[in-house]
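There is one chain below, alone, in structure tokens, taken in the form predicted on its own.
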């Protein structure tokens, strides 16, 4: 255990953990869900579920990780030796491979759009829907960007916990916020921005239906990267002085702030262009927004800057999140099989590269290849989002709430009695009762397809 890496500072812990949580789900999926589910009312429901559902799951992962000081598989072996709970750890590693495989495909798209923005190619009266379709189905370029993105991720992870993950999180996360605030300023200066602000700030609770509530629960859970062991792995590198509950709360605040600010970037811009829909689905980022940039700025330098910074923002968010998913698998292989960190990272990168190629080709040459009626991209997404992540979240909260020794959990939550005991009792109640039931709702809703 003494040879394991560890984070060197409290700010490094918060920024690395926040980087794990902040990803494409904040800047791409969150605005999509807001647009589909009525705006401000959805945001308020979402924030409630972040506090009462996602936060307890994250704290549970922190407890398991720091108490065990082991990777997400060995953590359960250390805390419950000889028990079948280790299956939850293996599910997390498996999910890490699957998620990074299909995630790197979308991240590759963001890298491509960042390059195209830098070359000023996203201008003029182009058919951006046709351009996007032609790119994702191309036999070579999407694969090249998958390779490049995975190599960027590999380069950070292979350098270790302090010199890689912590060091680069310390500059990537502040840079991410600088870009966000610049883009918010640009977006709010656009004509029609007021309508976008009203959409985000004036709740219409008549739009809060059962579907909206379930969407908010799912977004709160998946946005924070909980349920597959990212935070278990990161917490295994925490020092004893780290206060778990405040650290988790800081991560939730940062993650939610990025998501909401992304809405302040996108919706004022979309509302400033007549005829564009806020309910554009996944095409919002790659089809709708290029149209916004061109219509609002007319090919000026401001449009060029807005477009370039936005796709750089997406790329940074994708990278900070992919690093944590890579680390789940790297830490397991490194400690399980005794490989050096560099070799373990290379194994993970190679496996995810093969999976990423299969997922990318499902939009092109392998479009007709189906497994259970789905292409590889949709299959990997379905398995992780509908099954592994919610089942992992249920297992994690049940393990901390009902299996771990109560004194050990209390010691972790209160940092050996140095933090507020009353807050720890409330949080333990949420971990034992509220979070498992909430995540079970996500699982049943996804499983039943309703």
Ligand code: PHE
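Everything numeric here is computed off the predicted structure, so don't read it as measured data. Numbering follows the first chain given and starts at 1.
A second form of this protein, the form predicted together with the ligand, is not displayed here; the remarks below concern that form.
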Heavy atoms, 4.5 Å, the ligand in the model of the complex: which of 221-229, 333-341, 241-249, 138-146 makes the cut? Say which one.
221-229
Residue 321, heavy atom within 4.5 angstroms of the ligand in the model of the complex:
yes
Quick one: is residue 16 in contact with the ligand in the model of the complex, heavy atoms, 4.5 Å cut-off?
no
Considering non-hydrogen atoms and a 4.5 Å limit, does the ligand approach residue 264 in the model of the complex?
no
Is residue 24 one of the residues lying within 4.5 Å of the ligand in the model of the complex, judged by heavy atom distances?
yes
With the partner left out here, if you bring back the ligand in the model of the complex, are 20, 103 and 325 all within 4.5 Å of it by some heavy atom?
yes
Partner-free chain; cross-checking the ligand in the model of the complex, the single residue of 409, 389, 43, 424 with a heavy atom within 4.5 Å is 389
